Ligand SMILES: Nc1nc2c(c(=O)[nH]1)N[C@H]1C(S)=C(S)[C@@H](COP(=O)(O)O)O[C@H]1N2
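To begin, one chain is listed below as structure tokens, in the form predicted on its own.
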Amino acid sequence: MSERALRGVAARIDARIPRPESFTSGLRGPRTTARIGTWLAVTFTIAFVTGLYSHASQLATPPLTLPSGPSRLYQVTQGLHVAAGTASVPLLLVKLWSVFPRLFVRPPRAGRELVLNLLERVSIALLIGSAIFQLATGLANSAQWYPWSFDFIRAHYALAWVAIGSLALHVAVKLPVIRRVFTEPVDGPADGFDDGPRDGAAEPGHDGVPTRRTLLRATWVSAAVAVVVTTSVEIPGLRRLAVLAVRSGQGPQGVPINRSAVGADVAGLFDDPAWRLRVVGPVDTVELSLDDLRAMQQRSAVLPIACVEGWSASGEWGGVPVRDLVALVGGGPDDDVVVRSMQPRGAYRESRLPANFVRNPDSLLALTLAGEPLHRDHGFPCRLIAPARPGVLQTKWVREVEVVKA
């Protein structure tokens, strides 16, 4: 094929590719994008900060000493994490819709401008790709659906840094546009994608076209509705509205469960009359029957089960303070505790309770819930329950407590 023919083919292909002016909605443009993008930056920042806290909470040895109170601390931070991520979904969809025409802006031909344009596009691709990955995998994790083979926790944590870094870079690059847009009224002539009015675009507020203010309000309402229908299960007055929540708020003894005794493969182990709790310490090792534990000084506390998936529920737990077990075997106030389950497998069949949590009197080896012996699915004969902890670390079906040096 001759060079002339090739140019003709290229011209015909180029003619079929849309251009920014091919998109006639006047709602698109910087005035919409900047305002949606600002709220998206807020929700992503909240999700990032609370996600870091959740990640640190699940480490065996956190880089910093995490507080053991208030008891609802993790419930609040993880609830904010899931709520912010959920709100980000409609915000991101509208933002992508508002800037979609810019995908078809022809890159410049000059060398330096072309390089800068490519770098900007790469940074935007990283931002969009990481944002979609974080939201999609986060929502799948909330539903406990894992259609992938990679480690969710590591991937979600790593991509969080990519997303927040790309967001910071994007905001820095677009800051002049953001500043200009916020000095202009929300409604007005159709935006150009860089500056000035856009010819041929449908004017917002005319001929049946909604105003930008209407679009923005609809987006914010959509984000709020998404949060309510997925995360309000713990709020009594709104519980019935949580139609998309992964947990109903109901379960044995009024508290939902993630894993049953059958699912954990411990059925038949916990009701063995020969069961004993083994407590290992620096001075002594003791084995306690369920009657021995019940004979010790009991304490009750209202504490939440707050899971990484975002659901939570509170109950009145009763049992032996962990610090009393530590003292029983010669442990001290600066010692950590490792709690091991009868579960034969699973990433969370043991957890480490830092010393400041051990010292908290509300950290219990629980024997009861709502005044009744623990249901088998809640960890009978005993389980760990401590304030301000992820639910995955509230070890059930405990067989051993070991006192260790921090």
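Just so we're clear, the structure is a prediction, and the values are computed from it rather than from any experiment. When you see a residue number, it is the position in the sequence shown, counting from 1.
In what follows, reference is made to the form predicted together with this ligand, a form of this protein that is not presented.
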_Can you confirm whether R259, Q343 and V392, the three residues that make up this candidate site, all sit within 4.5 Å of this ligand in the model of the complex, judged by heavy atoms?_
yes
*Which single stretch, out of 353-361, 370-378, 59-67, 30-38, brings residue heavy atoms within 4.5 Å of this ligand in the model of the complex?*
370-378
_Looking at V162, V255, V228, V99 here, can you tell me which has any non-hydrogen atom within 4.5 angstroms of this ligand in the model of the complex?_
V255
*asked:* Is it the case that W311, even though its partner is missing from this view, gets within 4.5 Å of this ligand in the model of the complex, heavy atoms only?
replied: yes
_So, R349 and this ligand: in the model of the complex, are they within 4.5 Å at any heavy atom pair?_
yes
_4.5 angstroms heavy atom contact with this ligand in the model of the complex for C307_ = yes
